[in-house]
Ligand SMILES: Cc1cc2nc3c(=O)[nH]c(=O)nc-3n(C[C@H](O)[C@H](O)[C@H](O)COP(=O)(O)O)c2cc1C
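Next up: a single chain in structure tokens, the form predicted alone.
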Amino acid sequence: MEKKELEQGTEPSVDDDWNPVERVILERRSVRYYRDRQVPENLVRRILEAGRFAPSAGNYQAWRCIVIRDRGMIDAMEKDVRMMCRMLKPVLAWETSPLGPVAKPVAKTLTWLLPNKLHHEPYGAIPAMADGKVGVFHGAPTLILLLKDKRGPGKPEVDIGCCGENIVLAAHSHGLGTCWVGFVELLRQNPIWKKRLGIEYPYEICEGIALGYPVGKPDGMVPREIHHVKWFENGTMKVLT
């Protein structure tokens, strides 16, 4: 279909109804409950193709995808992620740590050194995940691993985020649910999983996306925190709310 440039005065306003693409973006939600039904292979391929067309620095596409649809394999990965969480729990959950008074300064130091990785959202969930109170892959029948090419130009993590966003939006448009699972990063240096998944230099695990048919209809425009936007135009500045 040929795209036509909007004539002046016909551009939609912020009060107009959202178009189909906008609705997919605004109604997507992270899904943590999935049906016991596998996603057809051709649909997964279609979703991955949407990811391939994401923007990236120099069109380098500094990512590779691994699709895992073996329940035993996904369960084994979840088990090992929980094991890593149990190893981290005595330090991160310093209030109840068996390590005693030494746990708090260690936890504070690690949080200071790794403010992003140990931010309380979502990594504050590590103790609960270690105890089996929070799911890792949430019972999803398909898991997509996004690998980072460490040689990639610019900011490969940003490019991977663009690729993953295309994947989750395409999935939502087909009635599927997704959930970003950053905890797969805990398996990055695990030699067993690197060998089993065939991951070699220059690639390493960066992110994971759980994929499947959601239980219920977890979509809709849930209110979000408003971010103020500074707008500079014609020599003046205003704040959009």
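For clarity, every value in this text was computed on a predicted model and none was experimentally measured. Heads up: residue numbers just count along the shown sequence, starting at 1.
Below, we refer to the form predicted in complex with this ligand, which is not included among the displayed structures.
S.K.: Identify whether this ligand in the model of the complex is within 4.5 Å of every residue in the set Arg32, Cys179 and Phe183, based on non-hydrogen atoms.
M.R.: Every residue of the candidate spot has a heavy atom within 4.5 Å of this ligand in the model of the complex.
S.K.: Which of 197-205, 64-72, 49-57, 24-32 has heavy atoms within 4.5 Å of this ligand in the model of the complex?
M.R.: Correct option: 24-32.
S.K.: Does this ligand get within 4.5 angstroms of any non-hydrogen atom of Arg224 in the model of the complex?
M.R.: Contact check for Arg224: yes, within 4.5 Å of this ligand in the model of the complex.
S.K.: I'd like to check something about His138: if you look in the model of the complex, is any of its heavy atoms closer than or equal to 4.5 Å to a heavy atom of this ligand?
M.R.: His138: contacts this ligand in the model of the complex.
S.K.: If you apply a 4.5 angstroms heavy atom cut-off, which residues in 50-75 are near this ligand in the model of the complex?
M.R.: Nothing in this stretch is in contact.
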